[in-house]
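Presented as structure tokens, the chain that follows is alone, the form predicted alone.
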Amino acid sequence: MPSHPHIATSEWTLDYPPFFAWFEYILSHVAKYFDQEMLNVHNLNYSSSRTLLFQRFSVIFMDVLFVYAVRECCKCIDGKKVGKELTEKPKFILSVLLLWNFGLLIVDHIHFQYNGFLFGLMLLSIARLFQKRHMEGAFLFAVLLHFKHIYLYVAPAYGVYLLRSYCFTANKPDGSIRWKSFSFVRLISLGLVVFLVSALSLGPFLALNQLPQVFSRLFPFKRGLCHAYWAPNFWALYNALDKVLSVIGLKLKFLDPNNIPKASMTSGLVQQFQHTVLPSVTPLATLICTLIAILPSIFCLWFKPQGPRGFLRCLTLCALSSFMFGWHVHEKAILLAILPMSLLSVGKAGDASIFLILTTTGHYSLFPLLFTAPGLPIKILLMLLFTIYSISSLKTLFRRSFTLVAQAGVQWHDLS
């Protein structure tokens, strides 16, 4: 593992935290029984039927954790809206929305990645917070961060919620903080959990004086503002506007063709780039925009806490804010908002309407991941099935409630 942050055999950098490197190391001991050649780091773009078989089965096996996490989340759902049929029960609907989520299905099982067990860790930590097992929730999230640091997007929601609802043990009658209820013991306990997990993950690299190299791989800011496949966020519009202005500028001869930047802003490779007309965006600028975007939800979580559901709402907003304004955002990062929003969707009709809009647009944005002709009918069929089930099941669940998606101009009518 000490050589992990220095491997440079590919043009694509290794940008996962140490725990994921250990996870891959463990997998390699099983992979050698399938195909030894897949373990050769110099064997770039290698593929074989046995390699594919191992990859598919390893993803399916690791999804056991995701299934368990979904089961725990279903226990946290309010069962007041209980239909006569099993298929109308909120817990059943939630289990389907999570287990058969279209986005996670194509990202893990067709595009191939190990996001399922990582989202399992996140959902399990959420479930533990709902169950008031705060230390377990904090531990699971700390472990998750050292598996994949993209979950830093939602770290502010975890930090503020744990400080507000765990370190402060009581509130005033009006819901404001009772400052005298602050527990230093609980704060130290939380800090100790985070420290020990971080020490286990980063300690060996710190001892070998390799920590700067690790961070340079975890945060490759020179990759560019946008990912190879543009995530549908604010910077995609910004880049598109810059390109339109540059084309107009060239046609009107306001711009010199020799001064047009050659580096692509979306290749995903490590390289410098500049916008042509609009000001170039720095990582610091994206960080400031992201922080400004998440501040309202953070303030609400602190000053108007609404329990675990308020935390879940804040987590979703943090994920969406980071998706909209973050640096080099991957298109699959939208799942960070879609999966937690699934838990809210079976609670209130208003949340269900937002969930339907979010899943439809978010899942559609994942289509470029399957760019081959054979994959086209598959992704269209799978998304249609998931979307139709989401609409019909949530409509059935809230058929006695108010209209769904009113703010979008789409009205649901009572068919009973």
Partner chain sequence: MEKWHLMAIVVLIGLTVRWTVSLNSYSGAGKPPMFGDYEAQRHWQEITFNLPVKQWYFNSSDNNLQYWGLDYPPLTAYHSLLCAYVAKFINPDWIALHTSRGYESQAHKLFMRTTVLIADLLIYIPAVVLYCCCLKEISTKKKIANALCILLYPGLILIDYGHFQNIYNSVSLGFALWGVLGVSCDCDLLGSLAFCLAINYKQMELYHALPFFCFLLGKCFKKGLRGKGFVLLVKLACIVVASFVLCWLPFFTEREQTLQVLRRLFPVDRGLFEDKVANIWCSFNVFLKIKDILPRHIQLIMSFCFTFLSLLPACIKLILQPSSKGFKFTLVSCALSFFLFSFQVHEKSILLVSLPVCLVLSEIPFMSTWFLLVSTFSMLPLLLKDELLMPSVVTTMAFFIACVTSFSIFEKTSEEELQLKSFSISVRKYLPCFTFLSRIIQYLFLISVITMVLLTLMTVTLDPPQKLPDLFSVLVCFVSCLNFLFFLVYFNIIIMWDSKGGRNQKKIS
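Positions refer to the first chain, counted from 1. These figures come from a predicted structure and were not determined experimentally.
Below: the form predicted together with its partner chain, not depicted.
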(message) Residues Thr87, Tyr389 and Ser393 are flagged as a possible site; in the predicted complex, is every one of them within 4.5 Å of its partner chain by some non-hydrogen atom?
(response) yes
(request) Spot the stretch among 87-95, 177-185, 277-285, 336-344 with residues whose non-hydrogen atoms come within 4.5 Å of its partner chain in the predicted complex. (result) 87-95
(request) Decide whether Leu356 counts as a contact residue for its partner chain in the predicted complex under a heavy atom distance cut-off of 4.5 Å. (result) no
(message) Against its partner chain in the predicted complex, would Val59 count as a contact residue? Criterion: heavy atoms within 4.5 Å.
(response) no
(request) Find out whether any non-hydrogen atom of Val64 is located within 4.5 angstroms of its partner chain in the predicted complex, and reply yes or no. (result) no
(request) Report whether the minimum heavy atom distance between Leu52 and its partner chain in the predicted complex is within 4.5 Å. (result) no
(request) Check each of Leu382, Ala349, Ala31, Leu370 and return the one that places a heavy atom within 4.5 angstroms of its partner chain in the predicted complex. (result) Leu382
